[in-house]
Ligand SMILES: C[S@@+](CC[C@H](N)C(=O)[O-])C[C@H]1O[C@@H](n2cnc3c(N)ncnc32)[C@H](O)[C@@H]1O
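There is one chain below, alone, in structure tokens, taken in the form predicted on its own.
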Amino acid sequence: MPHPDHEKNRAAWNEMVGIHYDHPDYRTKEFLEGHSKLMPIERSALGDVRGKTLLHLMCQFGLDTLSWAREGAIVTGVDISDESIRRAEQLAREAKLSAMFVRSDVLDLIGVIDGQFDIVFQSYGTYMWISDIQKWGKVVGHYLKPGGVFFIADTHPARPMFYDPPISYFATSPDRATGVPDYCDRDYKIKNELVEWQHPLSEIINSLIDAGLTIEHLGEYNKMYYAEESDWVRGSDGYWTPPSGPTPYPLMFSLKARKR
């Protein structure tokens, strides 16, 4: 049975995806002209992906998925949002890239697609939409080949402690919000309710260990993958910092793990 709060987020992302697809921050037009959406952290971690099968969880409308396809990977993208998958399929056609896209809640994915993959990939603004990280870890483990690599880069779980108002690092109740500004178009207020969960880094790591993965690398960074505020500054590496410079606490983390 679909998770009711995940279904609320599904409605919210169906609402937002059109804004993001056309917004200059996503650089969709530039992607169609040959620009890659991939950032230095994931490029360095995964290296040469030519000929490798890659499952992209929570892919939104497929910019990263198709960027990996452009690098030579055989890609499958999964997202809960119907509209995101529709846009991803449209983008693949326009870019003339081969990809399979599947609409599914990540927690309900086992049994929806078959096979295992060389790489399972997830990035940027994703894990906080997952209610059950332990179950998520099982999905990652299920779809990795023995010896396969999982990689995630995302907001550091410590970041919400510095929101206004702050969120406890160990919060167990989901954070619910309506009428919040979209992170691209800050003049647009999202009509549907958004539900986010806080997951300490230990919870994320242990869910992967329990699923049969070995942690190979953990990275922490005092820069961000998008401009959280309109005055944030973009560096030459594509990441963002406040105008005062890098923060004294982590904004992002990355994690690379391998299936035993």
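Note that residue numbering follows the sequence shown and begins at 1. Computed from a prediction, not measured in an experiment: that's the story for all the values here.
One more form of this protein should be noted, the form predicted together with the ligand, which is absent from this view; the next part is about it.
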Residue (of V120, A73, A99, V106) lying close to the ligand in the predicted complex, criterion heavy atoms within 4.5 Å: V106
If contact means any heavy atom within 4.5 Å, which of 89-97, 123-131, 162-170, 143-151 contacts the ligand in the predicted complex? 123-131
If you check in the predicted complex, is Q60 within 4.5 Å of the ligand, heavy atoms only? yes
Can you tell me whether H6 touches the ligand? I mean in the predicted complex, with a 4.5 angstroms heavy atom cut-off. yes
Does I80 reach the ligand in the predicted complex, with heavy atoms at most 4.5 Å apart? yes
With the partner left out here, check for me: in the predicted complex, does some heavy atom of Y26 sit within 4.5 Å of the ligand? yes
